[in-house]
Ligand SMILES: Cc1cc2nc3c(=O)[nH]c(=O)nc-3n(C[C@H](O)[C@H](O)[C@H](O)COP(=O)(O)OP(=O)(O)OC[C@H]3O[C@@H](n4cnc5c(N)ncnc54)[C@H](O)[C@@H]3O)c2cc1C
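What follows is one chain in structure tokens, specifically the form predicted alone.
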Amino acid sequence: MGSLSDRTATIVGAGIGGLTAALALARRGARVTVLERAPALTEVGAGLQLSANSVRVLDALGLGASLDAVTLRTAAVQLNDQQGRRVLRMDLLAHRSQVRFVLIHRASLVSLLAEAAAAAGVDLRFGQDLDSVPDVPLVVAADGVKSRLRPLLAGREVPFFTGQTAWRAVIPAKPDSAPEAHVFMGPGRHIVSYPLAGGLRNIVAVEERRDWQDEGWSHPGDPDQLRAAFAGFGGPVPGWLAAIGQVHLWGLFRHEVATRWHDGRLVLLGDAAHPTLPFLAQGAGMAIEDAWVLAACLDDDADQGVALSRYQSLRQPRTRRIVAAANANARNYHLGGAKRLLGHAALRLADRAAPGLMPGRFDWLYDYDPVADLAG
């Protein structure tokens, strides 16, 4: 045990970031309380892609076997055009065969983290609707994209609507579904889909439209509107859309990464610090990385202000790069006209002539190891 031994910490928010932070802090000897606004953990959300950078943290927290029991391992992401024809296939394991990329339902991950946190002695309290910072020595704001605590550090901001609305649904999966993610790209819209453990398939569909939608992913939507918006798509997409009985939608807003993450007592984590668009599959991954780095920094230095400053300096540049890459994907997936033809032709050429080129562009993302980086 280091500097965290027997220290107290209060975390606001029992999402993926908050629960991972609770477990990481408790594993290092802290006495942790989690305050969650909801009355209980519920079966909300849909699928997540967890890449090797975040799986390394979950393994280091002792969750490897539990994670394997509720995930599907994946080895590829394939980009397709609107008709379902292959544009580019990215082999995720081409030069990193020993690591794991997994597909998981968000509810399964939250449940796994909550059980592990409770077993580690974390006090989980629900129905805690806070309107101010708790009067304790350390408060971790992990209360999401609509964080009530972020403005206390970063000031008031007005995120802007990107002009994109997303639908999220889960349907039954065919037994022979390959455990990999497929992206279908059309002018002004795209669909991402992959199977989940338990015989399910996750679907996220994004359309550019002018009408404003509320931020947040729990608003009910109309499956017929979704089917109409993507009626021109081919391949397996029509069959998937026909199977949707319930769908949720949300407006996609762009936020800046917070410039100030802490004040020596209150510190931001996850979406409260760096909300991101869902086009790089790293929202959960960044929060998981944050949790490990925060706990390691606090454990390494008894001066809390110094530790929190180190945490910010380590995390801020990486999260800015990830958010920027997600923003770029939002544009690239929706190309139309001549740009689309040229862009897809270039990707198809790379797919044939240099299949390792595109996967290698993301080495900086997937090969990062926060566990090794902060060892000792």
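Counting begins at 1, following the sequence as shown. Treat the numbers as computed from the prediction; the structure is a model and nothing was measured.
One more form of this protein, predicted together with the ligand, exists but is not displayed; see below.
Taken together, Gln49, Arg106 and Gln282 are fully in contact with the ligand in the model of the complex: each brings a heavy atom within 4.5 Å. Judged by heavy atoms within 4.5 Å of the ligand in the model of the complex, the contact stretch among the candidates 285-293, 170-178, 236-244, 93-101 is 285-293.
The partner is absent here, but in the model of the complex a heavy atom of Arg148, alone among His182, Arg148, Arg227, His255, sits within 4.5 Å of the ligand.
The listed set Gln78, Gln128, Gln82, Gln304 contains one residue whose heavy atoms approach the ligand in the model of the complex to within 4.5 Å, identified as Gln128. Contact annotation: Trp261 falls outside 4.5 Å of the ligand in the model of the complex, judged by heavy atom distances. In the model of the complex, no heavy atom of Gly221 sits within 4.5 Å of the ligand. Although the partner is absent from this view, Arg37 contacts the ligand in the model of the complex, with a non-hydrogen atom inside 4.5 angstroms. Although the partner is absent here, Pro134 sits far enough away that none of its heavy atoms falls within 4.5 Å of the ligand in the model of the complex. Contacts of stretch 141-160 with the ligand in the model of the complex, defined by any heavy atom lying within 4.5 Å, are made by Ala142, Asp143, Gly144, Arg148, listed in sequence order.
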